[in-house]
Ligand SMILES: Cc1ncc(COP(=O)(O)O)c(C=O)c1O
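Okay, so here's just one chain, in structure tokens, the form predicted on its own.
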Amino acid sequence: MTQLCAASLANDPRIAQAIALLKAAVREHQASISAIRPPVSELVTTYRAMIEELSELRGGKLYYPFLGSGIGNGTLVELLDGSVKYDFISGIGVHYLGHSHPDLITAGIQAAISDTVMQGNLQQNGDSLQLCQTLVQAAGMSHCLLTNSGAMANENALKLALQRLHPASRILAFSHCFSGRTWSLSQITDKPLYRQGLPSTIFVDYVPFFNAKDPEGSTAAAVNTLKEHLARYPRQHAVMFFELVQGEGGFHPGSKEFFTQLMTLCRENGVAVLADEVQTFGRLPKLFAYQYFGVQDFVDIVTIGKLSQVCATLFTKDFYPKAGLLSQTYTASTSAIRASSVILHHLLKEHYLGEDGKIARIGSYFTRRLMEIEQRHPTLIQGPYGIGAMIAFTPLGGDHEHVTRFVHALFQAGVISFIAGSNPTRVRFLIPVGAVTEQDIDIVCTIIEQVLIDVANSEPRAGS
């Protein structure tokens, strides 16, 4: 059988030798990135100027003074000011295997010698087919459309539901949800700031989310609210967005009973069920959160992103689109597609999933360490909250200003986190499961505790 030229190139021993040499060079230089390191004094002035220039060029201030140097070592990342920090937010969930992972380096080099830099509507390689096959099988869906952002995955999902259920045009979503920041999704995301000055184009009705402190009462309240919306606008709702663990809203998980009752109502009233898993994908003991909560029989459409590198909209046969509805000049780079396949291989083949998998074990250990801090300082921290590799806690009473000061102080101390929710505002972590160790968590928790004490002592908190 005649071998394709591409296969001949991929199997050329010089390629394997080059990859081995490059990875060896990276490993050698990574060795110096082994712990938190302060900025190099002679780089600080130039670095600040670079941060200011980038903020001006992009039309908005960076949340952190963060410019990566281009190399890291697992949970640690080097910045252009010479500092090294623990990255416990993973670029808001992107760097799942950590920084400069050898398998991702291999995937990137292989992609670099592949003809197509960007794959898309008219130019797709076999990489796209392989990734779609893996995702469809893992999700239990029929179809998969790759895309270049979680927002676009949700946009495509929204279009599928609206076309399938036309003329129904109203959207259902949870209070405090986050769906994205495009024009349409900013109107679904329950945060008015994100749509300030934008004209309305769609109508959204909100349902209260699950409250773990009152499971029966909050479930009844959500069911009653959904019934009221459905009765007020009969047959006018096309789809309900289900964030099974609220991310931006504060890392609040729902429950199987809660989702089952709501999804049953949606099914009975012809409303599509959309599982927005852009943040939850790969962070719970099951690959998909809807599988973890046992509601897979209800889900019509699911979206993924962040750790998957390439985002995707997966859907059942009932939502197969008409010609022309979905198309993109490019869906993702070949390097991102190959990286996605590598990450999925780790998740599916290397004991990340299950009750005793790495996700559950790391989440449990981090939770236990934060609970120990809470026991020592009950006035400074409440929690933790979340599930799996999505962990949050409420520091300093949850006052937004004080929590913001805390995460910036934590950044300066060498740990990168982020905030979520409001009233209270929480600190959240999206742990790089593929790289993190218990020792990393121990070090980070020691820093968290000290920064909590320092910030609490530096300024009186609201109400004190």
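Here the structure is a predicted model, which means the values were calculated and not measured. A residue's number is simply how far along the shown sequence it sits, counting from 1.
Another form exists, predicted in complex with the named molecule; not displayed. Remarks below refer to it.
K.L.:
Would you kindly say which of E155, E248, D81, D190 lies with a heavy atom within 4.5 Å of the named molecule in the predicted bound form?
P.N.:
Spelling it out, the residue with a heavy atom inside the cut-off is E248.
K.L.:
Sort through A336, A151, I89, V342 and report the residue having a heavy atom within 4.5 Å of the named molecule in the predicted bound form.
P.N.:
Selected residue: A151.
K.L.:
To test your reading of this chain, name the stretch in 137 to 145, 67 to 75, 271 to 279, 213 to 221 whose heavy atoms come within 4.5 Å of the named molecule in the predicted bound form.
P.N.:
One stretch meets the cut-off, namely 271 to 279.
K.L.:
Although the named molecule is absent from this view, report whether D127 comes within 4.5 Å of it in the predicted bound form, heavy atoms only.
P.N.:
Outside the cut-off, so no.
K.L.:
Would F178 sit within 4.5 Å of the named molecule in the predicted bound form, counting heavy atoms only?
P.N.:
The answer is yes: F178 has a heavy atom within 4.5 Å of the named molecule.
K.L.:
Using a 4.5 angstroms cut-off on non-hydrogen atoms, would R283 count as touching the named molecule in the predicted bound form?
P.N.:
No, R283 sits far enough from the named molecule in the predicted bound form that none of its heavy atoms falls within 4.5 Å.
K.L.:
With the cut-off set at 4.5 Å between non-hydrogen atoms, does H95 touch the named molecule in the predicted bound form?
P.N.:
The answer is no: H95 has no heavy atom within 4.5 Å of the named molecule.
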